[in-house]
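Only one chain is shown below, in structure tokens, and it's the form predicted on its own.
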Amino acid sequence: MEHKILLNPGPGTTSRSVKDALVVNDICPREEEFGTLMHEIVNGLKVIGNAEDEYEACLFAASGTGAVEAMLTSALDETKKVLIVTNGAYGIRMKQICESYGLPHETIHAFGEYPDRDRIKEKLVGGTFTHLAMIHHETSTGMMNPLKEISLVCNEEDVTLIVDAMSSFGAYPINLKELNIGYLAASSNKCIQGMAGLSFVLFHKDQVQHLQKNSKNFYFDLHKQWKYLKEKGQLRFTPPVQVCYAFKQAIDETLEETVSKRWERYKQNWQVLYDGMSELGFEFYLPDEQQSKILIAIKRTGILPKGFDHFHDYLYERNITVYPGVIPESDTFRMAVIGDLQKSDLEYVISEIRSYLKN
């Protein structure tokens, strides 16, 4: 099996042991043995988020967007109003979900703007908001939004914080208890380095009563999903069985490496990319102080005369995958370091890009 270097922001490159974990004996997911596995996954996620005793978790057989939809539509109703930080494509997606369900909301910040604590506080003080929703790592731009600063504002204004940590949870150290996060969503195939197919929501225990009262969805319902797993040791609907075994292995590997050491590895890999691409003449969409150290949005105007697709295909033939950009009116592409990648992998990437530019 060839080693593929995936520089897209998930699904990422997985370890051989995670791949091997997919190959298991056939089992009905209604068996007690499989229920034990599901509880082990939930417990591992709580440990990763420093959330053991004060938080609950539920799992969905869905992409990360499914978990975000479940989180927003379960946390909010017609009596709740959310302020959404829309400084990137995924904050805008939160807005679109709220629009689809007719949930009361307003937005703050334009695409690419760094969230301003004072502006957000002023908006919260002047409104009737019960919740604030934000992306932690906005992979459309590579911006790491200031989670701690915004959490402090939410605490000051008694507003429940909703976080999409899809591409930070499992690498960037997050302490849900210290940040007093109400809800957090992520998925199996990003920084925890599992396979695609599972997403999850961690939520504070003090939200359970509201979730029960607001339990109205059929599939994407946090309370129904959480209660069923807690009481019966099963998901309500068929889970991706093999993906669950691989996810458990990925969680074990995350805990063994430790989140802090994984964060250091990601930052080191990112620095190799940043330095190498700078040396080759590329420029970046964000200023250095706003970079996430997980993904870089790179400008390509004038430096890739044959276009992004030609560049992509050249690298793809050499087991490297790069990702197109989504920033409006900006000619960019993206490179992430999510996954089981080492410094030597990124050095290889830079050497191949150097060879490409010489041709």
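Numbers for residues come from their place in the sequence shown, where the first is 1. For clarity, every value in this text was computed on a predicted model and none was experimentally measured.
Same protein, other form: the form predicted together with a small molecule, not shown, and the subject of what follows.
Engineer: Though the small molecule is not shown, can you say which of Trp263, Phe129, Tyr90, Trp226 has a heavy atom within 4.5 Å of it in the model of the complex?
Structural biologist: Filtering the options by heavy-atom distance leaves Tyr90.
Engineer: Between the options Thr86, Asn269, Ser74, Thr139, which residue brings a heavy atom to within 4.5 Å of the small molecule in the model of the complex?
Structural biologist: Contact residue from the list: Thr139.
Engineer: With the cut-off set at 4.5 Å between non-hydrogen atoms, does Cys191 touch the small molecule in the model of the complex?
Structural biologist: No, no contact at 4.5 Å.
Engineer: So, Gln290 and the small molecule: in the model of the complex, are they within 4.5 Å at any heavy atom pair?
Structural biologist: Looking in the model of the complex, residue contacts with the small molecule do not include Gln290, since no heavy atom lies within 4.5 Å.
Engineer: In the model of the complex, does Ser63 have a heavy atom within 4.5 Å of the small molecule?
Structural biologist: Result yes; Ser63 sits at the interface with the small molecule in the model of the complex.
Engineer: Answer yes if any heavy atom of Leu184 is within 4.5 Å of a heavy atom of the small molecule in the model of the complex; otherwise answer no.
Structural biologist: Answer no; every heavy atom of Leu184 is more than 4.5 Å from the small molecule in the model of the complex.
Engineer: Please determine, with the chain shown alone, which of 282-290, 242-250, 131-139, 145-153 has non-hydrogen atoms within 4.5 Å of the small molecule in the model of the complex.
Structural biologist: It is the stretch 131-139.
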